[in-house]
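Presented as structure tokens, the chain that follows is alone, the form predicted on its own.
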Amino acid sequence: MEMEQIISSDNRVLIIDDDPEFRTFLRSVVEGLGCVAMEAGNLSEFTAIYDQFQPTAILLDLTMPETDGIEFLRNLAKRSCKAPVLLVSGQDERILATAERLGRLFGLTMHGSLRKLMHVATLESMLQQVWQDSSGITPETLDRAIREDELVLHFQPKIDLQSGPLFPIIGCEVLVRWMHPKLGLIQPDDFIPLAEETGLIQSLDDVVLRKTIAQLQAWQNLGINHSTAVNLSPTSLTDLDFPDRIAGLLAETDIDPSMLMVEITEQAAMADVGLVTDILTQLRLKNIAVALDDFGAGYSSLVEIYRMPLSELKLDRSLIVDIGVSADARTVVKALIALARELKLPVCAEGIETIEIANFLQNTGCATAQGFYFSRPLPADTFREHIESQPVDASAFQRRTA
């Protein structure tokens, strides 16, 4: 799909900012892309415009004297707004990141943020991406993608932190991508929520599991036997037959069940503790490992967690990225690792972006890690090449995956 087809007068941008000069600047950029723009400088103007205008994208300032941007996000959520929201503000990056997380918690589609001193080209690029991401991603096209084998797997290396400075690869996590025939490679955040909302997630999960097990078989034939983790949707944790199905798939391909780990989120684990515990116990009895993902980011009960048959805790990346700038984050991470040690549960940290954070976690007793410092998610063949080239120091590994 050509960009000229993606951006058209059908794209309506609502600009919410109290500074009339900055609104004029934003409007000139939006209209220069061939889109329709309207402005609101306060809540009453926004209320008068929104329902009639029905924006397909929103540019929102966080700091306004009468009503701050968070209140606007709440208001948009109450209106069940589906338009992507792009924050444009003079606030620092941490505040912008927090506001984005709040927007997602409110159920909004947050498309990122820009500081007010941005280049026109940067704003144009982000607006173009809004419509490029949303065009062609529908329940119908996603259903076709599942049926016609457009889903592909990438593998993010899992690193052993306790084997010194070489950081060997000991496994990986499976991450699904959608190879769209027109839009190219689409990230999971852009289609997994749609799959969950439309009931396609079970079919998607089934495809990912079958592809993962097939890849394990291919690697096994090459003499590569690394544990591979796959994420489960909450839907799988409501199906008592799921453990038998996954065990059957492993048996068909003669894969040792210990080579597979399933990951569940805190939110999914707490949805129905009795049912989830039943399913997880069945998986463990079949020698399939279970990791609790995003640990530390939710509101789970520690009592229920220690009663669940878990194999590993994965610390949420939001905690890890703050280690370099926040003493409080370092304290919390140390405490969580100490708690896991007492529970005899190994800890994996996600989101490692610097050697300083890797060293901190290594010294704190964290067992394993994932993150862009070591490697981005890789296609299967590239991941295999890295496995076969070990041992390797982290800097060389990072250079090859840049």
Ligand code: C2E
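Here the structure is a predicted model, which means the values were calculated and not measured. Just count from 1 along the sequence shown to find any residue number.
Absent from the display: the form predicted in complex with the named molecule. The rest refers to it.
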{"query": "Residue 189 within 4.5 Å of the named molecule in the model of the complex, heavy atoms", "finding": "yes"}
{"query": "Residue contact check: residue 351 to the named molecule in the model of the complex, 4.5 Å heavy atom", "finding": "yes"}
{"query": "The named molecule contact at residue 372 in the model of the complex, heavy atom, 4.5 Å", "finding": "yes"}
{"query": "Distance check, residue 100 to the named molecule in the model of the complex, heavy atom within 4.5 Å", "finding": "no"}
{"query": "Heavy atom within 4.5 Å of the named molecule in the model of the complex - residue from 322, 263, 266, 312", "finding": "263"}
{"query": "Partner-contacting position among 201, 86, 308, 255 - heavy atom within 4.5 Å of the named molecule in the model of the complex", "finding": "201"}
{"query": "Options 243-251, 67-75, 218-226, 168-176; stretch whose heavy atom lies within 4.5 Å of the named molecule in the model of the complex", "finding": "168-176"}
{"query": "Any residue of 208-237 that, in the model of the complex, places a heavy atom within 4.5 Å of the named molecule", "finding": "208, 231, 232, 233"}
